[in-house]
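Next up: just one chain, as structure tokens, the form predicted alone.
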């Protein structure tokens, strides 16, 4: 079944990257709706909600996932027939995927404007949006150089350097802990986001906060590239974004860990970068300072006051 396979692939990080996760989840919901046999609209909605809950439970930190699923599920507000409800889900899912794909293109266009000819950039993890800005700047003929981190423990940086290499961009591959060593050689930091809070704080791959801190010390600007559906509405109420902690075996093999009974391996997948360390957030709707994060939640995600409870 596509639904269960997609949920497993998201949880196991076979599908990675907040935007890719969101699109995969929406495609899985659409496939489930297309094949769901229900006798009445209420039953259809109940079964769809179970599918939605399965998907949203896979990666607790990636806000794009519940935002995407919620966007599709809002299509089920009221219908008189199963077929009408099914059609509404399929239409909303198609609209979301199309918007998501175009969002990356638009972010790339806007983000590239902030990259100058001759700039040396640093990026962390494998952000579709951040890489899009870098690649677009290169396509525009700007001479750029990139420092890309290894991204322990899963090594997503290897995907990033392959993409940059294929584009013909001069790239330096460094271990995560070498960022402070090289930061004075960097003109601009470009990263993505898995979630953005109402106060402009950015949740991204573990190590991002340290990079932003080093950049702040070196007076190097930090730009975050993120689609609007990565903003977290419930942070308006003070709700914290859950930070996923993954299997310790990703860091230390079990056969080694078993011989170290007094050692606890910690493996948080994300950290939180305070808004004061972020200079600009580039979305498909435009570039904003972190302090305007609330306007994205209000104007583009369509959350109503009665929904925030």
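Numbering follows the first chain given and starts at 1. Source: prediction; values computed, not measured.
Beyond the structure shown, there is the form predicted in complex with ligand RUB, which is absent from this document and is the topic of what follows.
The candidate spot formed by 20, 128 and 156 is fully in contact with ligand RUB in the predicted bound form: every one of the three has a heavy atom within 4.5 Å.
Comparing 199-207, 180-188, 68-76, 233-241 against ligand RUB in the predicted bound form, the single stretch with non-hydrogen atoms within 4.5 angstroms of it is 199-207. With a 4.5 Å cutoff on heavy atoms, residue 13 counts as touching ligand RUB in the predicted bound form. Using a 4.5 angstroms threshold between heavy atoms, residue 133 stays clear of ligand RUB in the predicted bound form. Contact annotation for residue 211: none of its heavy atoms lies within 4.5 Å of ligand RUB in the predicted bound form.
At the 4.5 Å threshold, heavy atoms of residue 193 reach ligand RUB in the predicted bound form. Within 4.5 angstroms of ligand RUB in the predicted bound form, the stretch 55-86 places a non-hydrogen atom from 59 alone.
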